[in-house]
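Okay, so here's just one chain, in C-alpha cells, the form predicted on its own.
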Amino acid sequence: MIGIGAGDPGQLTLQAVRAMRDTDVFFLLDKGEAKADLTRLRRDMLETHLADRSYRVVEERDPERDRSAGGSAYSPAVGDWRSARADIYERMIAQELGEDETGAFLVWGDPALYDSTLGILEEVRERGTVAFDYDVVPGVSSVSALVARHRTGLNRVARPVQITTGRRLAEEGFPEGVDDVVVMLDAHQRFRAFADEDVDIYWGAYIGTPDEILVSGPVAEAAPRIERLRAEARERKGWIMDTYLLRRSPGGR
C-alpha cells in the first residue's frame, strides 16, 4: 500500500517513488465517470515516475455503497461494502499477480488515516484463499495538507487535537477537553451548528489538486461561503472531498 498524498503529485515521497518503481502490477478501482480524474491522477503519477519501466495496471469497477443507510444500519452497510471490495481485491491478487511479482494499491493521503484498504486486505488474508504479505508506505494526509495550506498548526501548545467524522461531531459536539477538532467525511456540513459559538474553521476541498478551494474564518462568517462554494463545486465536478479543522477559543464552551 503506497500513500500518494492528497492530490498534488509533488507530495509523493521518495519512499513512495521507490516502492512504485519496485512494483510489477498496480491495482486500481474505477469509481465511474464522475470521479475519472482520480484515476487519471494516479495514471499520471505512474507515467511520470515509471516512464522507463514496464508495469501492468489492473482496473475493476468499485462496488457501490448504500449511502442511504443511517442510524443502526450504517455500520452493516459499510461492512457489506468493504466485503464486496475484499472480493474484488482477492480476485485481482489471485488472478493478476504472479508468484514472484509485487502488486500495489495507490492510496490517497495516508493508508493509516480514514482509509479502508488496510482493513480490507486484512480481511482477504484472514479468508486464507490467497497468501501474501504487504508493506505500508505512509503518505501526506489531507489533514496535514489542509493545515499546511492554511499556514496553521494542527494543535496548540500543550493542547490535544482530535480527528473525527461529521457523523460523530453531530452526535457528540466538541469532545471533552478538546478545542481543536479535525472533521472528515462530512457530507452534511455539520460545522454550521457552531455558528453561534466562538469557533473558527479552516476548510479545504480537493486539497492538493488544481481544483483546490480554501476558506477560513469564524464559522458564522465562513459557513455561508463554504456552503455556496461546496454546492457549486459538487455540481461542477459531480463529487467532492473536503476536510476541515474547527478551532474553539479556550474556555469557549
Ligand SMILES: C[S@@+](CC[C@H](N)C(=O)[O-])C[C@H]1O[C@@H](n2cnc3c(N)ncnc32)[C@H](O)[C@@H]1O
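As the structure is a prediction and not an experimental result, all values here were calculated from the model. Don't overthink the numbering: it's just position in the shown sequence, from 1.
What comes next is about the form predicted together with this ligand, which does not appear here.
Residue in contact with this ligand in the model of the complex (any heavy atom within 4.5 Å), chosen from M45, I201, A205, I226: A205.
Note on the interface: of 88-96, 147-155, 104-112, 118-126, the segment with non-hydrogen atoms within 4.5 angstroms of this ligand in the model of the complex is 104-112.
L185 belongs to the set of residues with a heavy atom inside 4.5 Å of this ligand in the model of the complex. Taking the partner from elsewhere, T23 is found to have every heavy atom lying beyond 4.5 Å of this ligand in the model of the complex.
At the 4.5 Å threshold, heavy atoms of A16 stay clear of this ligand in the model of the complex, well away from it.
At the 4.5 Å threshold, heavy atoms of L12 stay clear of this ligand in the model of the complex, well away from it. Heavy atoms closer than or equal to 4.5 Å to this ligand in the model of the complex belong, across 232-246, to the residues M241, D242, T243, ordered by sequence position.
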